[in-house]
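Provided below as structure tokens are two forms of one protein chain, presented individually as structure 1 and structure 2.
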Structure 1
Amino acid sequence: MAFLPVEEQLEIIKRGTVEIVPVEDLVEKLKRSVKENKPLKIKLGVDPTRPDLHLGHSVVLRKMRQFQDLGHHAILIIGGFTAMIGDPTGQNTTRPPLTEEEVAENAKSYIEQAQKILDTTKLEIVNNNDWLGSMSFIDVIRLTSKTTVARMIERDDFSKRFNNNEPISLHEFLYPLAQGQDSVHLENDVELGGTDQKFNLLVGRQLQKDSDIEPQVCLMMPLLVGTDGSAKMSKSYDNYIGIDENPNDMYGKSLSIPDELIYKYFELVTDVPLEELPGIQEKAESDPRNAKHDLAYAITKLYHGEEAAKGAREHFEQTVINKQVPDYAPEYPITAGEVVRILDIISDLNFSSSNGETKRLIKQGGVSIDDEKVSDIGLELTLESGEEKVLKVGKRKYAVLKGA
């Protein structure tokens, strides 16, 4: 296929990118690629520890996709070997290493999800266990001799942990080397990663140089801030929007991000055309409410299609704005005439983690039946056959109580 002119490619590549080190090398590589009609090898390493992908992961995956669309060759590395070490990046404590079986299973699930973003028909998938796993101890020692302790602790998370008197296990130093060795093995032109990966990516560049391979260009994408507006998006902070999430939740969660993030999200996790971005930035400031709805729509559409996005918007208007009961509310059957405690109903529905919490919710006015706040902790109810009541717990948990 014919490649786009270098300038046009660059513009697409630079979207949302924090840093390209060094950008001149990328220009050179692109020029040569166009001239020789030869795709660049783009490397992205993924850690198969947590297989649930969310929009945070999508940032760098989307960048990968953009390279694919530009005609370049995408290589996804499953960090089967490195996962057994545990990437220290961003961890304040050492990660538990995974077994080979877990890795295989997680990798499978990862790829399944990633195909919502990547073009898997044109994707090369490799496992770094294939080459790292067979290295001998002497190979490893030679590898370690290529860098120094001072360089290692110069890395941000290490120096922080070091200064905070937190433990750093020796094996964690090997992680960047292992990742760098991947680049030596693949001889890739570009490696993608989050800004937190900068150090690791640069190690790859250095190791390639040492092995007389043309060094890779490191391209860093920002870490997407989660829906809470402060920490990076992560499952463990529960501030994430999963790419597998149902349209309604996806839409709703997208709306719950702080206003300041609207533009960033448009830039990083949607496919709105480059030329529309300036207009969006303006709208995000002048009319954040609607801009955010546009965003929620765009995100939902990306993963579920136009119809579902429309449905999610209607659903939102219906339930939140007009305060109607969502149609997915679970039904809770109650035998006609039977006396049931409200406490038990909520517990059965898993709407609260303990009876103590339920009582607290009731005391604070967080529970209502048919729009009427429940004030009595010990409330018991009975339903006639066919009778229905709507139970609401907290902000957005609904159930339909149905006499049967």
Structure 2
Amino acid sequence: MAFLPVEEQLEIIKRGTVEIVPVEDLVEKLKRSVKENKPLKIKLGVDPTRPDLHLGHSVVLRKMRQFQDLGHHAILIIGGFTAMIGDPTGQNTTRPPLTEEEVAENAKSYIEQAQKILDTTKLEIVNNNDWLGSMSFIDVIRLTSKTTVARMIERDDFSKRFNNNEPISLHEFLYPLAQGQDSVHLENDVELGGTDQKFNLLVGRQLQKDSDIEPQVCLMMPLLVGTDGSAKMSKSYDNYIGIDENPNDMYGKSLSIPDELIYKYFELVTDVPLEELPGIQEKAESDPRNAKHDLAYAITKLYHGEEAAKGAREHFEQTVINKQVPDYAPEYPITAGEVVRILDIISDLNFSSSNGETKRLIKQGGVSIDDEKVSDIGLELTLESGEEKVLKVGKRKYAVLKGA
């Protein structure tokens, strides 16, 4: 295929990128690629530690898709071996390793969802257990001789734990080496990762040098800040937007991000053309309300299509702006005179994952009946025959409580 000129490729590749180490090597690799009409090998390794993907995961996946669209060869590594070690990156305690069965199940879900972003017709999917799992003990010893304990302790997370007298298991030192060995095995030209992966990516570059392989370029993407505006997006922090979420929830959650993140989300998680980004930045500053609706629409359209995005916008206008009860709101019958706990009602409706979550929502003012916030976690309701009340949980879950 005919590749775009190097300058045009670089403009696309640099979109949202935090750091490229070293950028001059990437330029040379791209020049050679164009001259020889040969795609670069782009590597992204993922440990399927959780079964569901969110927009935070999409940042680096979308960068790989950009490389695919530029004509380069994308290699997605499922960390069947490394996930069983447990990536210590960013951890202040030893991360528990996964079983083979957990890795396999999570990997299946990961690939299914990643297909919403990556072009699977142009994607090579490999499992690093295929080569790491067959290494002998002497192979591992030889690999460990490629670095030093002092070098490992340079890592921020290791040095903090060491200085705080917190335990570091020896197997955690093996993780960067195992990830780096992936680069030796694949002889890739570029490796992608978040900024928290910089140390691991540089280890791969060094191991390639030691094996007389042209060292990879390390490209780091930012960690997407979640909807709370403070911590990185994570299910653990409940500040995430899942790429498999229904259109209404995806649209509503997108509207909840702080104004100062509007431009960054447009840049990192949408397909808005580069030339439109300056105008979006201006609108985000002058008219954040409508800019945020544009963002919510763009994200929802990306994963669900235009009709679903239109429907999600209409749903928001109906239920939030006009404060109407949506047509799909289920009815919850309550026998006249019966006493029912609010916790049981919300549990029966599957509006929360547990009573603990429901109590948290009530304490945060996230539950209301007929627009009056519920403050008592022990609230009990009774209804007369034919009496109706509207229950709202969170921002988008409604039910009609009806006396029977």
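If you superpose the two forms and keep the largest set of C-alpha atoms that fall within 1.5 Å, you have the rigid core. Bear in mind the structure is a predicted one, so any value in this text is a computation, not a measurement. Numbering runs along the sequence of structure 1, starting at 1.
- Source of structure 1: the form predicted together with the RNA.
- Core-superposed comparison between structures 1 and 2: the CA of Leu10 stays below a 2 Å shift.
- After superposition on the rigid core, displacement of the C-alpha of Ile280 between structures 1 and 2 stays below 2 Å.
- Positional change of Ile346 between structures 1 and 2 reaches 2 Å or more at the C-alpha, relative to the superposed core.
- Superposing the rigid core and comparing between structures 1 and 2 gives a CA shift of 4.4 Å at Arg396.
- Comparing between structures 1 and 2 on a rigid core frame, one finds that Gly356 has its C-alpha moved by 9.8 Å.
- Aligning the rigid core leaves the CA of Pro333 displaced by 2.9 Å between structures 1 and 2.
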